[in-house]
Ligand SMILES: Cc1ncc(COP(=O)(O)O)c(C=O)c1O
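One chain is shown next in structure tokens, namely the form predicted on its own.
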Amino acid sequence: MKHFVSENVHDQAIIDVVFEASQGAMKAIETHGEDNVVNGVFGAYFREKGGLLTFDSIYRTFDKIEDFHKARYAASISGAPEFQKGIRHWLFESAGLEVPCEIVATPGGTGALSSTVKNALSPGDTVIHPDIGWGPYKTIALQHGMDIEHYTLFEGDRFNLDSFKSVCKKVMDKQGKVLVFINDPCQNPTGYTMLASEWDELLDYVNELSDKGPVILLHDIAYIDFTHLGNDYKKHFERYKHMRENVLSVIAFSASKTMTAYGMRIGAQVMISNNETELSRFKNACANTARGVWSTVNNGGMRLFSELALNPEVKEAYMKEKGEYLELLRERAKIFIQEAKESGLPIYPYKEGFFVTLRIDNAAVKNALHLALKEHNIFFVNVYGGLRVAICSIPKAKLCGLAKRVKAVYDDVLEKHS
């Protein structure tokens, strides 16, 4: 029997754990009042007094962009020339780097991730993810008919290089090509940022592995502009210039997150390789995907990012404003992590960023805790290996005492499962 839907697509009903948890939190707020509910669900920055954070430096600049530029199509499928120039300056030149690359504009960082998977692998191939990672990584793989292998993200409080190597070798031996996801800095959901030494060891292995077949390193930098390292982190990209010819490094950049303009869906797929022929082929494939799937990216949003990247006055105002909120994020993290340490609440190693994740290896205990916390009007996101706490959306007043409250509920759950 034939069906409307193709046999080759992933057609199960989509259940997004973030949006599902958010709906639960909003219902609780309607019933009990906002002051009595902890909504640690949504991965967007909220102000201390509530409401989504939107940078004035960004939106007042957007107000000045002519309607013509907001309404028109982009000048190129791969992104307007000034947008491409802005991307190069923001990621490389601002950090004193010159990194030859190809760029295709995408609808958010997600578009860059999806296009890379589609054009690097074939249906039935295997894509490699971290076991603890952003949920839609799996959705992207399934959407393109891919199988999934996971490497274990942590060994203790360090990046698990041995697991990374083992899984990459296994997949290379099976299919002669590897595509592997890395989310760094400010990893979602743990808030981990890799050490320079960890990156050095990882890239040395990627070079070694590429002797057996092509390696595509897909580097998701969605939260790069919320690392305390600033441009020092971007100096990491210099390493990609020195990878072997059988390595393609693809940076998935979310200009939307950088600008607190989540709904504008502005991103870029930045491709780096010393194999110029293969790099050109891959860029052309991605440009064809753009034309056939989303056509062009929001021109007004691209122009806005170009103003941010290339207009010194706009950038200066943005950096000052962002700095205040980076400090607030540090303060929020310090409150929760210190209390977690004092109360014995286990968390994954956090360095910086929007999220902290409770470390709960037993899935039954984790699921029970997730439900029990809801009964106390505390809402987190249920992820692999734990519960994600969006400190980006919880004001300091609600963070004070939160870890201790969670630990008390956790102890009750453990007692029931003992």
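The numbering used is simple: start at 1 and walk along the sequence shown. Note that the coordinates shown come from a computational prediction; the quantities given were computed from them, not determined experimentally.
Another form exists, predicted in complex with this ligand; not displayed. Remarks below refer to it.
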property	result
Non-hydrogen atom contact residue 254 with this ligand in the predicted complex at 4.5 angstroms	yes
4.5 angstroms heavy atom contact with this ligand in the predicted complex for residue 215	no
Any non-hydrogen atom of residue 222 within 4.5 angstroms of this ligand in the predicted complex	yes
4.5 Å heavy atom contact, residue 273 and this ligand in the predicted complex	no
Per-stretch contact check against this ligand in the predicted complex, the hit in 142-150, 222-230, 285-293, 167-175 (non-hydrogen atom, 4.5 angstroms)	222-230
Contacting member of 92, 137, 336, 154, with respect to this ligand in the predicted complex [4.5 Å, heavy atom]	137
Contact residue in the predicted complex, from 110, 299, 126, 210 (heavy atom within 4.5 Å of this ligand)	110
Triple contact flag 183, 188 and 265 to this ligand in the predicted complex, non-hydrogen atom at 4.5 angstroms	yes
